[in-house]
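Shown below, as structure tokens, is a lone chain in the form predicted on its own; questions about how it binds or moves come after it.
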Amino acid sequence: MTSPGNFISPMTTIAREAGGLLMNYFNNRVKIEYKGEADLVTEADRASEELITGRIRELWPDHDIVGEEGTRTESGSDWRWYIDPLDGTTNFAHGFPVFCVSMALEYKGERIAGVIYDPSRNELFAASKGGGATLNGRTITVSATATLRESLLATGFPSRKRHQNPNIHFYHQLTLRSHGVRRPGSAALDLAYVSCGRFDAFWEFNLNPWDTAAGVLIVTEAGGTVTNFTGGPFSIDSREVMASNTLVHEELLAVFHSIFAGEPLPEPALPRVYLQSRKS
């Protein structure tokens, strides 16, 4: 097998090219379409995926590809790519500059190389199996924050049917127990930010393989831990992701256990109490 690190340079070239394409669309604003009740897709998503898959097929014609916007090449190859040509489409479509290109390569079921490129900040995160993680070529590691109450966390919510997603309960409780919770709107970048210490942990429900494949590898190569919500091994198709700097992982899992178990938890101040305080 070719060394995993040998893939990083061509992946970087492809990701930067796709990122440049996205910025052209972003600066000119693009037409928004809907592929579900509230799931956005733009011509930029499709153009980026076409560019990336085209480059992969030129360089590695025998590799399989799974792309968010519908590209599927399933030949039974030992090699499989997971492509998110524009993670953060809702942000992108509204002119909010938090989005990225995410690419990961898997060999015989093990992810061996990944890159995440944020073109608005010109930041490229990369990792190869056993080769560590980098940001613009410099080695990165997860944070040294030791407790949940000192941690800055990140999470995300679905763009549709939010009432069917339980994450608001976890958001509420972890907001009370941490230094803060952010919701930037790009799961791939959230994972990248855990890898370089900007976030101490990240969790989200119902993610897809192309959302997580690159980011999970980058986090683990930076010294972090990624599991499902019960502490079991992360699986590319599990749709549960909990990533951390390792130091706060057990504490985070304990909070999840309490919430799932229905144990009594602190309640927020009620709006009527606030209104009464304004009148007093």
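The numbering used is simple: start at 1 and walk along the sequence shown. In this text the structure is predicted, and so the values were computed from the model without any measurement.
There is another form of the same protein, the form predicted together with a small molecule; it is not shown, and what comes next is about it.
In the predicted complex, D118 stays away from the small molecule, with no heavy atom inside 4.5 Å. In the predicted complex, the small molecule sits within 4.5 Å of a heavy atom of D87.
Heavy atoms of P158 reach within 4.5 Å of the small molecule in the predicted complex, making it an interface residue. S186 belongs to the set of residues with a heavy atom inside 4.5 Å of the small molecule in the predicted complex. Heavy atoms within 4.5 Å of the small molecule in the predicted complex map, among the stretches 125 to 133, 144 to 152, 109 to 117, 202 to 210, onto 202 to 210 alone. In summary, among the residues E68, D64, E240, E221, the only one with a non-hydrogen atom within 4.5 Å of the small molecule in the predicted complex is E68.
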